[in-house]
Every structure is written in structure tokens, then in C-alpha cells.
Ligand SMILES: Nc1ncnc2c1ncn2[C@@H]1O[C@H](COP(=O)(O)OP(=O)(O)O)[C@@H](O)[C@H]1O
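Quick setup: one chain, the form predicted on its own, written in C-alpha cells, and binding and motion questions come after.
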Amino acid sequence: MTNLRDDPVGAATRAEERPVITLRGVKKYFPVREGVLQQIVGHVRAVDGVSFEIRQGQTLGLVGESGCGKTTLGRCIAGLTDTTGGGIYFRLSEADRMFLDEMDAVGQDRQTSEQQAKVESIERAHRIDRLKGETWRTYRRNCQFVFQDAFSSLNPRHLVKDIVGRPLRVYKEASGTDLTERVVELLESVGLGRQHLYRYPHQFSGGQRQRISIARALALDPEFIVLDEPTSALDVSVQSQILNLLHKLQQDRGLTYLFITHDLGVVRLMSDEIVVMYVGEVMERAGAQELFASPRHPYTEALLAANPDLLEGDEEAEMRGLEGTVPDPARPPRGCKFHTRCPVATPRCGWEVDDAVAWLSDNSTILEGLGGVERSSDFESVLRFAEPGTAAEAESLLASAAIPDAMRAALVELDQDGPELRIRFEEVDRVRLEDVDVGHMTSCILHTSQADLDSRP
């Protein structure tokens, strides 16, 4: 299958196309409730400040491990889930985006009345959670969603004719015989036909059900489609057929895709640009060829190493695979969120007290004698043990060569006073996403200007 991104002329043309979707600091937090009264005690940060653009005719691949926030972000973009913060914009021009960025830098309290009026006008016209009436209907018909599980997304009691034709009826695009013929055209465009009109979803294979989902998404001739793991539940041979179908439809109709997947082989084949997510944040963003040829974040390198077929001739691939578990998104690490699993972490990556406690828990039973914790910040706490000897033992362990070198180097204070052990780490800011090359961004301090900055917040 030939990919448009392999065509330098086509790539140059696409670079000049306007953005269809623009994300600016998008956040989606889910409340954590406890107790009889279900009081909110925290939030799961499923999406935590994500920004990027998807240009017309482009396929942007969104990759990462399960639980990193990919599907949540896709549902936010499609308007199926409200955002907690930031904004998602439809057809936002470069000039308007630059103006909004400038106003963010100025601050709302320092904006003139004219500037505030212009910001309000732009948001009413383009920000999807501010759209109303006809502008909202325009967005809904131009942004469609193809779900991972085609069977659960198709009403089992409806015929294919009704499933595919429903968008046309809702938007009063067709009725009667004209509706039936429009449905037949859509089915034929995805490799099905008239003979499938009066069948139910359970009468089709997994690949055929996904074709029905795609036909439904195409009914209103949308501009943009979110594809959430559209091939992950299919056999390999069927996956290839669906990918080829999606590629052909994009060429024929000029579609724009957000392709969500954990399969790097698929995203390499389909995408013009790739965004790598981890615990709700963007770790790296680059063109597909550039990302695979020269990854600039250890997390991306680890994902690639987990797919040896993508690293031909790399004998060290097995050594760099991912270890450990994904951090709790309700209490994500400070600094770089990947530092707890990173094989090349530095003292500047954001070590905190929770890292020391987790290491003690994994490597000893000493925390069984822990009586309490007095937390001053994420970077400073006092651990209170039942016995002074236990506190001294904990201090000895944390000062030993057994702990990771980067963690030990980041320790600013380790002071035992009787049964209390004060732990303080070097404070750092959240690692920012920065340009490291033309069209290539990463949030790793090994490659960005943040490696040279003073670490104090």
C-alpha cells in the first residue's frame, strides 16, 4: 500500500493545508470519589495539557500504551466527552491561533476590551464546546467516529439499511427510495453491497462489521474521522484489507484522520505525522519517517524496541524494552512522567519522595514500620517510623549504592532525627514539549534547552 507521506510533492502540498482540528492545552480529569458522601478526593488526569494540529488531508497517528489517554482524547475531539480545560478548535486559521497564543502570553487581566472581544469571537466561531445551533451541527456532521469494537457500536436490533441510513435521516439528507440508494452507494464504497441491506450486525464477520461502521461514518461526507483502534480486534489479513480501504477512501474523498492505535507497525504505514502519548501528555511529535529514523525520547525508543521488526539490524533492541508499570494517573510523577521507568533518567528528571517510598517498598520490608508521613510538597516529606533504628536503616538504604544513581544524585537532604527521616529532592518544573528539529518536538531534557536551565521552580 502506497502512503501519501512517501510523496515529497504531496507532503509539501499538505504542509500548506489549513488545520482542521487544533488542540490547545486540552485537559480531561475524572474525579476520584471516596466515602459515604462520595466526596472528591482527587482527579485522574487522563489528558493533561495536550496541544497539536491535524491538517487537512493528513493522517495523524496517536500512539502509546493502554491507559495513556488516547481514546479519551479522541472522544474529547469528537465532542463525545467534555474537556476539563484547554480548547479544541475546528477550522482555526493560523492567524487566529497565533493571536490566541499571544493573548495567553499577555494574560486575560491585561488584555484590552478589543482584544477580549476578538478572543470571544474566535472561540464562539471555532471552539467546539462553545459552538451552538447550526455551527455545532456543522461540526458534528464533519467529525465522525469509528469505534474499536464494531459489534458493540452497531445496534443489534437494527438492519444495516437503518444503521447506515440513520445519519442521513437525522440530517434530512434523504428519505424513501433515495435513502435506500444512498445507503447502497455507501455500502459499495466499503466493499459491501445491496444484498447486505436487510441483515443484522450479528450476521457479519468482524471485518464486515467494521466496514459497516466506516460506511455509517461516511454517510454525511465528513471532513474529519477519528479512528479508535479500528483494526486491533481483527485478524491480520482482515486488518490489511481495512487499512487499504481507509487509505483509498482518504485519497478519493480527501479525508482527514486521527488514527489511534498501539500498533506501531500500523501507524508507520498509515500516518503522515505521529504523536506519542504517555500518562496523558505528549512525549514526542514528528513526521512518521523522522520519528522512526531518529526518535528523541526514551519512551519512543522503548516502544520501538518492543517491536523488533521495526528495528532491523538493531542487536540491542531487547535490552531497551519497557520495564515497570505505568504510573497512577491520579498522582502522576512530577517533571518527566516517564522518569520512573526511564533507563537514561538524570537527576533533573523530577525525582520525588514517592519515588523513594516506592523503591523502599519494592526492595525491603522496612515500610512495615512506617507510622505516618508529613508531606511538605511532592519533593519534601518527613517519614515517621515506630523505632529510631528503623529510620536509621531507611536512611542507610537510601544513601546506599543500591538505589538508582540518578535518584541518589537528586537527593538534596536525607536527615534522620530519632524515629523521623526527612527526605528532600531537588525541585524541578514540569518538562515542556520543545522543538528539537524542523517539525520534530520532544519533552526529554536530554534533547531540549531545559537541560541547561536552573532547576528551581
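The structure displayed is predicted, hence computed values, not measured ones. Numbers follow the displayed sequence, beginning with 1.
Below, we refer to the form predicted together with the ligand, which is not included among the displayed structures.
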Fill in the blank from the handout: Note: the ligand not shown here; in the model of the complex, the stretch from 41 to 49, 409 to 417, 422 to 430, 386 to 394 having heavy atoms within 4.5 Å of it is 41 to 49
Handout entry: Exercise: residue 67 in contact with the ligand in the model of the complex, heavy atom 4.5 Å
Key = yes
Practice task
Decide whether residue 72 counts as a contact residue for the ligand in the model of the complex under a heavy atom distance cut-off of 4.5 Å.
Solution key: yes
Handout entry: Any non-hydrogen atom of residue 207 within 4.5 angstroms of the ligand in the model of the complex
Key = no
Exercise for the section: Mark residue 329 yes when one of its heavy atoms lies within 4.5 Å of a heavy atom of the ligand in the model of the complex, and no otherwise. Expected result: yes
